[in-house]
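The chain below stands alone and is given as structure tokens, in the form predicted on its own.
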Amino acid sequence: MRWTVDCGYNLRSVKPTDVFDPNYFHKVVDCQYACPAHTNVPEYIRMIAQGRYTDAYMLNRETNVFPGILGRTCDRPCEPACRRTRVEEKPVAICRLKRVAADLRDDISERLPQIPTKKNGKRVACIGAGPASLTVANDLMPLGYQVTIFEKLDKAGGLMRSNIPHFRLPERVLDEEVDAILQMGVDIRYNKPVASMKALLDEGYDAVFVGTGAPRGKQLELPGRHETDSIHIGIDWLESVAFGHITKIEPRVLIIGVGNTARDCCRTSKRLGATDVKVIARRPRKYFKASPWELEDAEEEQVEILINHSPKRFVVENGKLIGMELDRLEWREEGGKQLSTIIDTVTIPCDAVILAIGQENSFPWIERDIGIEFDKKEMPLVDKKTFQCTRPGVFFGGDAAWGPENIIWAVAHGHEAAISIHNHCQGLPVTERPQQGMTLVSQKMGLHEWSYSNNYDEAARAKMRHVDLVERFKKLEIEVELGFDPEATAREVQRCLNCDVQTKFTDSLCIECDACIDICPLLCLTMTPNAEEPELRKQLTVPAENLKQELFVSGPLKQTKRVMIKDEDMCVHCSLCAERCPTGAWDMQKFELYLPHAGQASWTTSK
């Protein structure tokens, strides 16, 4: 809590909010804050609205590195956080707008970082050519590092290439964004899996980054598991499909699991000839790990999802899989725990089963006597801030650090690890992190005019166009989603509430006329005597119950020594308070967060 003495009103009260702390307004831009890489979402959406697609793409690339890839495959942590859901059900289609910028951009080769011809003498090895390692290379190459990537496959991209089907992520999009990094001069060695960390360290690299992902699919050890060749591990099966080793599958397929890998497996099966595809889930639908839109796409392609079924055994006769026996469950909650009861047992006929029940890390190639410590689960001990393990100079990121996540998390890890690698190679403490910075710039153009559109657009979320259901199955690489057309794009960008344009309050200008309070459509403003924060939250016009979002608290107002309180959780940045205020105590100011990357000095906050 932020306590101080308050001019006699309360012995303990809340200090005025420091709006020049970058973290304060960052939390208010919910979409950007929820994004692991903290991409400036509102700004790139405005650029798209202005037709500045290349600028929008490059702004994306500063933080997420792979706008075209993530515009198709991201798990979209930004969208559930979108403030649009305060006023209607569906968020802004942030991810799909990212794709618009990627699809419509011009050539960016002249805008990529310049790579110095004279190197700085430091050599960094990256193990695995997935998104985390590629991000590390992207950040270090412009600083003069010599980066070598060791990749076990004959193409780069990691699980982006081997586990995401081409009908979701076209190979040309993947190649373009991966090659933009490799062409910086990265020394990539294909078909070169690292068999010994000790041997690699003996080669004298100044730092090593491990970005090997979570390459091992979990097994399901049930009776009959090893009596047939028709049972596959999901991620291995998808990799074989991606590289052309598997081109068909049997007609009746069961997919065990409810994550995004399971969705890719069932939809890929349909394209390889399966006519009857069922997904088996132990729990009800609300517990599924798969993204809702992935479920919708699978069901549109006539994939059946069976809930409350628990695998019991594989039914195999004479080496041939003919079905799977499952217990049908009924779930209940007791004492906060989910408990199940077996109702009966059923057998579902099938010709093939694909196991997609999770992924695990595997580090048999890291010796256990070289200073890299592991926990009981055989995971390396990695510092969550520096990404360095217990051996100085060795760093982990992406799924290799703490287990399976998604691409955007791997990118975020890569940026932070690159800072640590740079510090380590330059003799600085890896714990020394460049500070974030920010700017606040007024958007006022006239008495009641702003440099951005503050009108609330009632348009519903734009629908994605899809290839016809019959056409999409003709070839594995036919991309199903077609992207937004210009009309859909124009509608969707107007749904953004411009949450980075902040309400900036100057207490010395306030005359306590209550005009702003009267006009606020969300009732998120209150003038009240200062108090302890729990009490303040109750004193608001509408009590502020979301404790994760801070309150704005002004300094004492001139006339009554009360304070202006704003519930940041409720505000939708409509600017009506600033338009109504007769003295200009409220202003709309655009907040921009500066995220330092490797080799950049700390930013100076503009006040």
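Each residue number is its position in the shown sequence, starting from 1. Owing to the predicted nature of the structure, the values given are computational and were not obtained by experimental measurement.
Form predicted together with a small molecule: not shown, discussed below.
Considering the small molecule in the predicted complex, the lone stretch of 101-109, 533-541, 171-179, 152-160 in range is 152-160 [heavy atom distance within 4.5 Å]. When contacts are defined as a non-hydrogen atom within 4.5 Å, all of 127, 213 and 261 contact the small molecule in the predicted complex. Taking non-hydrogen atoms only, residue 193 approaches the small molecule to within 4.5 angstroms in the predicted complex. Proximity of residue 75 to the small molecule in the predicted complex falls within the 4.5 Å heavy atom cutoff. With a 4.5 Å cutoff on heavy atoms, residue 365 counts as touching the small molecule in the predicted complex. The small molecule is not shown here, and in the predicted complex it never comes within 4.5 Å of any heavy atom of residue 139. Proximity to the small molecule in the predicted complex, taken as a non-hydrogen atom within 4.5 angstroms, holds for one residue of 489, 526, 406, 388, which is 406. Site annotation in the predicted complex: the residue of 423, 148, 359, 443 reaching within 4.5 Å of the small molecule with a heavy atom is 359.
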